[in-house]
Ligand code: DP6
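Here's a solo chain for you in structure tokens, the form predicted on its own.
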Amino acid sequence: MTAQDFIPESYNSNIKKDTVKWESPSNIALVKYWGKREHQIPENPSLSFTLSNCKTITEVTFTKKESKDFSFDVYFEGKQNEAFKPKIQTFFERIENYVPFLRDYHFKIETSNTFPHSSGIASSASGMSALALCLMSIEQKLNNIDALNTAEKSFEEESYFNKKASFLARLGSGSASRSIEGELVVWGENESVEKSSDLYGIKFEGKVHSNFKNYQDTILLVDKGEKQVSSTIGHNLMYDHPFAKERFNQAHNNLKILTEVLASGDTETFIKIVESEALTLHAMMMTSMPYFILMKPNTLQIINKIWSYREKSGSNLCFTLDAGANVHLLYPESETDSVLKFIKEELVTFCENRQYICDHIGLGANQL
């Protein structure tokens, strides 16, 4: 599909006022997206686990109006929040061609997260995907299309809905394109994944060995402060990065390897690729100009503890990182008791206020 396919011809209904509501999860990339071209196009493909418990719940009430300006109010955790408005204004400007009803309604956007605010977990993926899904539900209503959870829905309708929702979400936050579906999502063209696209994320349809079913993700909150570097600035640092080309090639190759690993159940190679991807992301930041160290001393302490634990126990526990100090622990469900014991005995001391969040792999967003 092309971007042109997401431009509607017209809307048939003239609804005065209505409400839609979605919940959408965050996700954690195994192969990292870092570096983008114009219009939020990724420089390299990425592969992510969709989470389950860490999600954003968004309700949008839309009311018909006469003026043709963008009009919206944003409420976070029940309180009006002006700080979120510039990002949503930019989002609306980017997607207007694809959802032209935006200027016909005033939108009351009420949103909340199931994870602690300022916990250091990126909420842009869950937040922008939840908003994009609400806009898609509004589009359905304006076209008199039944909601997707009806028994009469067709595969083609659902596929288009999810693709366009991912397409819209991408224009708000690149990683948000990976939060529509689950359990594994690929975003970015890659020769090893059929139908992969730079425009939207797709559900990974390849074989997945039982070793990787019901994976757990426990997030160690090392630093709950504001991001040291915004994602936009971080991605822009790749433009003139001396190692950018090799990094993009590495991501393509790692994604190909991981598709094979997921099918074979090779946990040893899975661990190597996932941890290497995490460290490479931070290496690119440390070797950019200007340069940044996003890890904290406690991040390194945790990584070394994980390596020691794995060597002694033979565990399949591994870590990954986002562009920050927090550590995601990935492990099979069968190891839950032993890993949680390890966290409580050896890792929690390195977490801010001894906090961590237990999550697991989920199936994607839900309409409420």
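From 1 onward, residues are counted along the sequence shown. These numbers come from a predicted model, not from an experiment.
We do not show the form predicted together with this ligand, though everything after this point is about it.
Checklist entry - So which of 52, 299, 40, 315 gets a non-hydrogen atom within 4.5 Å of this ligand in the model of the complex? => result Of 52, 299, 40, 315, the residue with a heavy atom within 4.5 Å of this ligand in the model of the complex is 40.
Item to check | Contact assignment for this ligand in the model of the complex, among 235, 108, 141, 203, heavy atom within 4.5 Å | outcome: Partner contact (heavy atom, 4.5 Å) among the options: 235.
Item to check | Segment that reaches this ligand in the model of the complex - one of 78-86, 171-179, 255-263, 190-198, heavy atoms within 4.5 Å | outcome: One stretch meets the cut-off, namely 171-179.
Checklist entry - For the spot marked by 29, 231 and 323, is every residue within 4.5 Å of this ligand in the model of the complex through some heavy atom? => result Every residue of the spot touches this ligand in the model of the complex.
Next on the checklist: Taking this ligand as it sits in the model of the complex, is residue 36 near enough to touch it, meaning that at least one heavy atom pair lies within 4.5 angstroms?
Outcome noted: So residue 36 counts as contacting this ligand.
Checklist entry - Looking at the partner-bound form in the model of the complex, is residue 124 within 4.5 Å of this ligand by any heavy atom? => result Close contact exists here: in the model of the complex, residue 124 approaches this ligand to within 4.5 Å, heavy atoms only.
Checklist entry - Does this ligand come within 4.5 Å of any heavy atom of residue 281 in the model of the complex? => result The answer is yes: residue 281 has a heavy atom within 4.5 Å of this ligand.
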